[in-house]
Structure formats: C-alpha cells, structure tokens
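Presented as structure tokens, the chain that follows is alone, the form predicted on its own.
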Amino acid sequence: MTVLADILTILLNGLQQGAIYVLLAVGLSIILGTLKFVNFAHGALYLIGAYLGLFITGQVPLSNGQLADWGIEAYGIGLGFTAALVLVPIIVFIIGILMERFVARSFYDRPDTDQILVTFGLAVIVQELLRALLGGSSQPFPQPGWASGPISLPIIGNFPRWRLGVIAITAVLVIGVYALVEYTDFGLIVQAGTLDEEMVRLLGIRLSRPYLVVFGIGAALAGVAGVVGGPLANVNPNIGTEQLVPAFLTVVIGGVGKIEGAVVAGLMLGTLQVALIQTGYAAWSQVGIYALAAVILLVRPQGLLGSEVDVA
C-alpha cells in the first residue's frame, strides 16, 4: 500500500507540475503554430502574471529595490486571490495585444533569429525592470483561503488542496481554448490562415484581428500560469526564465501548434521531473527532461503529435 501511495503521489505531483508547463506551452504553441512567431518573451508574461497576482492579492512588504529606496514599504491592493485569478488574464491579454501590435507584427516576415533576439531582449528588460523596482529577493505568494491546507484522498492520504486546484484550473482553461480553436468560426479562420494565408485573404477575410486575439489568448494563459504557479513557489524576477525552457521543450515534444500535444508533453515532463526529485535524484531532474526531449525528437522530429509538414 505504501508503494502504491508513493506512486500515486508522484503522479499527482507530476500532474500539477505538468499543468504549469501545459498552461505555458499551450499559449506558446498556438502563437508559434499560428503566427510562426518565436516568442522568447513568453516567460516574461508568466513573470508579469505572478507579480500582478501578488499585487492584486494582498500587501507585499518591500525590503530592497528602488521603490523601497523611495520610502515605499509595501505594494498591493488586497483584493484577494479570486480577484487576481480573474483580473490578471485580462490585463496580460491586453499586454499581449499591445505586444503583438507594436512588437511582433513587425517581425512576422523576419528570420527566426531576429524574432528571438527582440523577444529575448524584451524579456530581459521586463525582468531587470522588476528587479530594479521591487528588488531581487523572493516573495511568498499566499495560497487562496478556499484551497489552502491538505485534503484527505483515498490511499494517498493528505495531499495539498491547492495542487489539485492547479490541475482543475488548467484542465478547464485548456479545454476552453481547445474548443475555441477547434469548434468555432474564429478557430476555423485561424486554422485556415495557418494552412493558406493568401487564400484566406483572397476570400476577403482579414487575419490581422484573429491573429491579434490569438496572441492575446496565448499571453493570458501565461499570465494565469503565473498566478496559479505563484503559490507553489516563491516569486522572484528569475522565475520567467526558469519556466521558459521547459515550456519550449513541451511545445517541441508535443508538436508545434498542437494543443493536445502540448498537454501530453507537459504531463510527461512534469511527471518525470517529479519522479526524479521524489526518488532521490533531484540533481538529475533537469537533465532528465532534456534527455527525454532528445530521445523523442530523435525518433519523431516533428514531435509526438506533430505532422511531417511541421518539420518541413
């Protein structure tokens, strides 16, 4: 029974860790798959979401940074976690729209290296600006009162309630985005534009607005990931960079532009990482996910659910 409980605990913790990767990767995947834009600032959107969540949720004391030097002892409006969960994706959606309009759109026809350089530079600016204003120290992100504490599960016993909340929130959001892309007129236009943009334009359909919304949705998902992932670890200016590489690995392993592929790959990476940590091989947890990615891409360069066209 103990062995079974350990296995189930690893699986649940893996689902929770994978859920963060999935939220980031789904947004990144629809941007990369639809717009063919390599957004290295996606981790910065996660970072913005986490700090916005802190700001909306409560009062955060300041011990260093420029704001502290100006005599500001704390920041935050104290509306609670539920308000942050609602407001952050809206705010980051708007940030994503502005980013698409004034940054990304000018680089759609430019080489991938140009896209990487400009978005990576933007990510560094956001990271260092937050570090300068708020300091580099880690800030605890309180869990919501309605999901704090343990819950008793069969076989496993006590398990953190918020980890289950992360899994549930991720499932609802991913299903919603999948339904939007696959079963609505908006989604059909976006998919048609991905396959043959010129033909869609000849039919009199303007793709600039759907693409704008797609970028905003991808950004909003990164912002939500920052809010739901914040209570699982302390928030600091480096968390965006730390989450960026696993998110890209998830996209590539699952297949670029494939939402279901991002889900499968994210859960695989999360479960593997947690399994290595909880079995005493924490030092190998990062190596493990890179090794898994290498093996999968050697066998299927297009990713688990990608098509040969994606590779070409």
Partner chain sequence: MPTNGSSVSRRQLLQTTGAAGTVGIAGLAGCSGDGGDGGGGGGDGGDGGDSDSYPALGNFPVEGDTVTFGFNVPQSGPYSSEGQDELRAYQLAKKHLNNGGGWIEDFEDLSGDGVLGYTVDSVNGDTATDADTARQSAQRMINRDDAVMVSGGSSSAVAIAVQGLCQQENVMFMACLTHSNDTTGKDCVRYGFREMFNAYMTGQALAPVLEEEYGSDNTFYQLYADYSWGQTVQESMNQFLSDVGWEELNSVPTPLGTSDFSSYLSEAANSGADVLLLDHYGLDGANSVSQAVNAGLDEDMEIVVPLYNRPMAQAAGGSIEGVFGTIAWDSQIDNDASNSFTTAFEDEYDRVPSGPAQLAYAQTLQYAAAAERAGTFYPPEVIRELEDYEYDNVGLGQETMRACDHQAQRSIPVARGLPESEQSDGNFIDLVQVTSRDDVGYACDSGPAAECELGEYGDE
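Quantities reported herein were computed from a predicted structural model and do not represent experimental measurements. Residue numbers count along the first chain shown, from 1.
Below, we refer to the form predicted together with its partner chain, which is not included among the displayed structures.
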### Message
Within 4.5 angstroms, counting heavy atoms, which one of the listed stretches 120 to 128, 133 to 141, 104 to 112, 187 to 195 is next to its partner chain in the model of the complex?
### Response
133 to 141
### Message
Taking its partner chain as it sits in the model of the complex, is Ala282 in contact with it (heavy atom to heavy atom, 4.5 Å or less)?
### Response
yes
### Message
Using a 4.5 angstroms cut-off on non-hydrogen atoms, would Pro210 count as touching its partner chain in the model of the complex?
### Response
no
### Task
Classify Thr82 as contacting or not contacting its partner chain in the model of the complex by the rule of any non-hydrogen atom within 4.5 angstroms, answering yes or no.
no
### Task
Answer for Leu87 alone: is it within 4.5 Å of its partner chain in the model of the complex, judged on heavy atom distances?
no
### Task
With its partner chain left out of view, choose which of Val264, Val60, Ala68, Ile277 has a non-hydrogen atom within 4.5 angstroms of it in the model of the complex.
Ile277
### Task
Could you tell me which one of Val200, Val177, Ile97, Leu232 places a heavy atom within 4.5 Å of its partner chain in the model of the complex?
Leu232
#### Entry: Any residue of 9 to 48 that, in the model of the complex, places a heavy atom within 4.5 Å of its partner chain
Thr9, Asn13, Gln16, Gln17
